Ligand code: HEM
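Presented as structure tokens, the chain that follows is alone, the form predicted alone.
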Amino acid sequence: MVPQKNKYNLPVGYSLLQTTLKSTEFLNNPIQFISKSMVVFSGTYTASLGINRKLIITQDPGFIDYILKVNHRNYHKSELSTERAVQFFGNGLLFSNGDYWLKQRRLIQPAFHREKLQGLYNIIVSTIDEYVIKFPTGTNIDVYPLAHELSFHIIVRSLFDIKLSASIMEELSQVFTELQDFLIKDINQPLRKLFYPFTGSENAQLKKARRLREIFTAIINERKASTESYADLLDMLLKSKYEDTGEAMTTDQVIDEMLILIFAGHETTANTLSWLLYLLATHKEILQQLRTSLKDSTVFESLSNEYLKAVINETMRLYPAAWMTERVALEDDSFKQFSYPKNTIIIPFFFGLHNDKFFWKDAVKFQPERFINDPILAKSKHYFPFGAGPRMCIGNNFAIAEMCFFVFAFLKQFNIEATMQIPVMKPLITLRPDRVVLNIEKL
């Protein structure tokens, strides 16, 4: 029952003064800080964003399931994470809310069904094959920027299967990286905004965002004028029609969704692949077992390889690219003994839940077989690699296919060895490694 008379029973946690005093520690290493707080406060705690606004952070799987699925209609993405992002990347699925979000989700979802995605498999595989041929070998190679570049090429080629010039591809990649980095700093260092009128840095980034839209507008206009047949995501977006009106999206709407697909679809996969290669390099017996399981397979058969899927699932458990998410309560609400007012922000802490020894035996160990011994784990309420509920990542099937195809192609060509370097987690919008330095040898 929702509490009456504005009397709430918030989880224990940090006061406004304590939150302020600990803000530097939080910003320096949010995962470490939140993880320590989870131990102190038994998995759920409150922090203060101001005198009248609270933040609840939780790794309780029941609470997370309640927010994302059971009572999802009472929760939107908060303005803290969306308002600024919309200025740079548009009002696509990731940042929109309410009726507009639902309308767009229903329109776009069919394009990402497994059956539809099969038309993109040849594009993904050919892009990977072209890239793997040029993959560097030798000692002390940082694979993270290589995985980042590859995943960017895959999502761009899947969006519009045309040959873009090297200069345009480089410009797209550079602008996306700069806009993402600016957005992260903008969120983490709010006082920076005070200096934008003097530095001009905000206007410079908005100019780059407009440049992205110019490039995509030219591609869309060229596609609309073409009589050729395509099987890429742009073709699917342009052909999608709203059920109620039979109309297609406007050019601006198509661009919004294209920007979001690139924004959300390349770095997350690059992160997971980088962590995966590191984990394989440091667990030789698992690497060998994976090689053996793929020995007599074709690239497309890798999609149904049980052990490969388990390796990917276990990597996403230990290092979830979406290490947290956030929602804001539209109305007063309660969960179990807790109750809280509208406008409370809830942070599901996926990283903490995925590494919680209460739910995972030998939680810190890389054990892919756990997903084979217990197939239900991949769909359990304490595993959220792609979120959950209606806002679950629309590209989850695309990401899995991309990772399967890459691992298959890579292991057919190369052997990897660990080095002394241990990657450091960088929990930004996604959970990046700082570097993943490996020795790579051609087979």
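Here the structure is a predicted model, which means the values were calculated and not measured. We number the residues from 1 along the sequence you see.
Same protein, other form: the form predicted in complex with this ligand, not shown, and the subject of what follows.
- By the criterion of a heavy atom within 4.5 Å, Arg370 is excluded from the residues contacting this ligand in the predicted bound form.
- Taking the partner from elsewhere, Gly395 is found to have a heavy atom lying within 4.5 Å of this ligand in the predicted bound form.
- By the criterion of a heavy atom within 4.5 Å, Phe386 is counted among the residues contacting this ligand in the predicted bound form.
- Proximity of Thr269 to this ligand in the predicted bound form: non-hydrogen atoms within 4.5 Å are present.
- With this ligand left out of view, the stretch that reaches within 4.5 Å of it through heavy atoms in the predicted bound form is, among 361-369, 91-99, 241-249, 201-209, 91-99.
- Only one of the listed residues (Leu261, Val143, Val156, Ile346) places a non-hydrogen atom within 4.5 angstroms of this ligand in the predicted bound form, and that residue is Leu261.
- Between the options Ile219, Ala321, Leu279, Val299, the residue in contact with this ligand in the predicted bound form by a heavy atom within 4.5 angstroms is Ala321.
- Residues of 311-338 that come within 4.5 Å of this ligand in the predicted bound form, judged by any heavy atom, are Met316, Ala321, Ala322, Thr325, Arg327 in sequence order.
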